[in-house]
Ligand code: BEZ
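A lone chain, given as structure tokens: the form predicted alone.
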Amino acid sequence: MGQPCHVSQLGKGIVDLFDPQPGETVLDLGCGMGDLAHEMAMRGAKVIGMDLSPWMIEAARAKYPDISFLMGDGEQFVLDEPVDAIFSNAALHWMKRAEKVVACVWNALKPGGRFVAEFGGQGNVAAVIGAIGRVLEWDYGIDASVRNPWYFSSIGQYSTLLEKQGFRVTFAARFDRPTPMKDGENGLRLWLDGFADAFFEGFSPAEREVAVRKTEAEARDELYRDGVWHVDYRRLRVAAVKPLPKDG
């Protein structure tokens, strides 16, 4: 889990939806290098950042020493004390056991606490995955689906998980956000380097280079225009509340 800086920039809108309040304790689940945790702290919240990546936690601690950052697995974490709210951006699609994540979030929230997240939804990067899949199947006899590291949920699937756990879902939306990559001609390969290593596991550097070039060729008609690669992001935003216990 976690995200590089450009992903944090795209996540600023979800911080506004989350609306961190002064004095409340917030867990940033999959905090990456801490940029959004810092933004929430600047709004007065007491923020705890959590990520599974040691190097991201190290970077976050170096950048924002006044914020508490912890290593933790979103599928099996326990907090010492429950928090008022849990926030997550661009991380939940890396956690394939979503029901485990939802249970951990529930247990980490105080009654009345809220959960707000944005992550890859159903159909996210479908054109990229399709191009990779065709190259791996045609040239290497590999079924790309068994190497896919992501969980991209529909609104109905994720809302059902939340409601089954006991949450009251207050908002859910899926939207397209085609995102231009920097670095011109190299934009897609840099994206693949940053996010799609699992598909090319076991490839030699030379084999990987050939596979990436073929993936670029497969995806070009759909994703490359005006000298820029546009990755076909489709995002899911959800907000839910852990109800207060019923009186009596």
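Small disclaimer: the values here were computed from a predicted structure and weren't measured. Counting begins at 1, following the sequence as shown.
One more form of this protein should be noted, the form predicted in complex with the named molecule, which is absent from this view; the next part is about it.
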{"query": "Candidate site H93, N124 and Y233: all three near the named molecule in the predicted bound form by heavy atom within 4.5 Å", "finding": "yes"}
{"query": "Answer option from G120, G113, G133, G72, heavy atom within 4.5 Å of the named molecule in the predicted bound form", "finding": "G120"}
{"query": "One stretch from 145 to 153, 79 to 87, 96 to 104, 167 to 175 that, in the predicted bound form, holds residues within 4.5 Å of the named molecule by heavy atom", "finding": "145 to 153"}
{"query": "is_contact(F200, the named molecule) in the predicted bound form, heavy atom dist at most 4.5 Å", "finding": "no"}
{"query": "F195 within 4.5 Å of the named molecule in the predicted bound form, heavy atoms", "finding": "yes"}
{"query": "4.5 angstroms heavy atom contact with the named molecule in the predicted bound form for Y64", "finding": "no"}
